[in-house]
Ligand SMILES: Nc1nc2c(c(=O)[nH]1)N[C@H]1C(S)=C(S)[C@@H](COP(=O)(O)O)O[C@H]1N2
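Below you'll find only one chain, the form predicted alone, shown as structure tokens.
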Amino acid sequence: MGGRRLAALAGVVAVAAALAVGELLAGLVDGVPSLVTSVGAVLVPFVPPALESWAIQTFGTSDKAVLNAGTVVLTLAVGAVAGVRGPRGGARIIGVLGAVGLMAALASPLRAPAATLLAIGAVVAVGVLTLRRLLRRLPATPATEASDAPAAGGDERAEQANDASRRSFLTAAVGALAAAGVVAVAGRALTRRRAGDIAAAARDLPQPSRALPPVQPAQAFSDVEGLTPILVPNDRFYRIDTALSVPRIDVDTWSLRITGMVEEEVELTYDDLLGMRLVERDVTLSCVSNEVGGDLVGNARWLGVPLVDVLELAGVQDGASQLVGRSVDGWTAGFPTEVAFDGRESLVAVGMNGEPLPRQHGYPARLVVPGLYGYVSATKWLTEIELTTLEAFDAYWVPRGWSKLGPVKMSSRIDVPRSGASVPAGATRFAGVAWDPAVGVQAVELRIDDGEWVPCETTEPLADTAWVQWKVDVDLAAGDHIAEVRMTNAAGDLQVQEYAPPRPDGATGWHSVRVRVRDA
């Protein structure tokens, strides 16, 4: 390995060590954010909309991990340049990286400035010291010319010394890189543990004033293997948002403010919310990025305060045509104010499927609005509700090419069998889910190979705002077959057949799967 490559490796290891120490400090010290996620959060608004949509479609709920990995790779690449530039030049480059990290970290709304500044100083120091120590271990450039025997012997000894130095350098570099990996993993584990401690300290949720009965046998098909549950467990519920790390929020200091075009601004603590009228609602939420047949949709039983109750505390002024939800990390969503008063009973949710709202789904409070895509309504880690006008403000996704209004489009999906599955000839069970949280589901139908539409059996609806499961048995002969599903909503409208991509206001089209039927 040549000298420049070894120097580049030294820079990579030095920056890796610095990043690892940053992760450790983020896990140990309150108010010190992760440098990786802080830089990634700054980069997110500058990602081209087409690339952002591609990442969601390609990586789904893993898009954040991919972005974080990309941030690390880019930073390590800069570290390679730092190593080639030598001790002084490399130290300056690491210092610049530290300055970038500091600005990104200070942009986090949950950071402690003094602690963050000290942490960045420690990170830069570790990076510079590691780089200098490794560069000092680099082998000297071997002699390339030999004119007599003694000189040749000297060259051989020099080369042997260089080989020893190279081995010493590689041993030190590999050791430092391994140590950095251990420290980074420990830091991430500490962060998760501290976040878990915060969640464990959540108040016990009081009983709702209007509780829903347990799911009845007629409301769920429990006999179909592979069918999505009627209530999706919290740890399986989809998550799409812009937060590269889940905010750590202490409910003892958290509050929800109602501001803007109101008669009187109101500030509510977590205990204030829990002391208000709590109700349960079964609501299906969907991401506008969900493709036809996609899994960025889920149904849950939410516990919360009716949004209208919260708004009535402040008094909404005439002319306030938009309600804007703000997250603790500055993300925004906005929808027409009339939605809060049209009877669909939107919630400031504090619970999900019988548990306190999980951190990844918005703890301590979030908005749940039936019939609207999440990008215009489902603000997680809610800290402010502002009343304004539709003309005065565009929420986060609107300038990025998505529609200002985001009503959920009715849709249906085949869960069983999966596309490409091989099944025996004869009776084949198809099953899936269908939803229109604005009005509910009336009927679901399936057809094979452009044949006649076959009515499907559906579960009794939990609510108009919740999806239903469906199933049907169809006799199939050997060969390849295409199955399609469609639904009719409670208003009598048929699901749109024509395909449209998710951008700008949600996908349309009938979901289909191809199955291979083998002789029984």
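As the structure is a computational prediction, the values presented were derived from the model and not from experiment. Start at 1 and count along the sequence shown; that's the residue number.
What comes next is about the form predicted together with the named molecule, which does not appear here.
Checking 329, 291, 280, 384 against the named molecule in the model of the complex, a heavy atom within 4.5 Å turns up for just one residue: 329. Contact with the named molecule in the model of the complex, judged by any heavy atom within 4.5 Å, is made by just one of 191, 403, 242, 428: 242. Stretch 366 to 374 is the answer when you ask which of 175 to 183, 262 to 270, 314 to 322, 366 to 374 has residues with heavy atoms within 4.5 Å of the named molecule in the model of the complex. The named molecule is not shown here, and in the model of the complex it never comes within 4.5 Å of any heavy atom of residue 221. Heavy atoms of residue 413 never reach within 4.5 Å of the named molecule in the model of the complex, leaving it off the interface. Of the heavy atoms in residue 134, none are within 4.5 Å of the named molecule in the model of the complex. In the model of the complex, the named molecule stays beyond 4.5 Å of every heavy atom belonging to residue 120. Contacts between stretch 278 to 309 and the named molecule, counted in the model of the complex as any heavy atom lying within 4.5 Å, involve 285, 286, 287, listed in sequence order.
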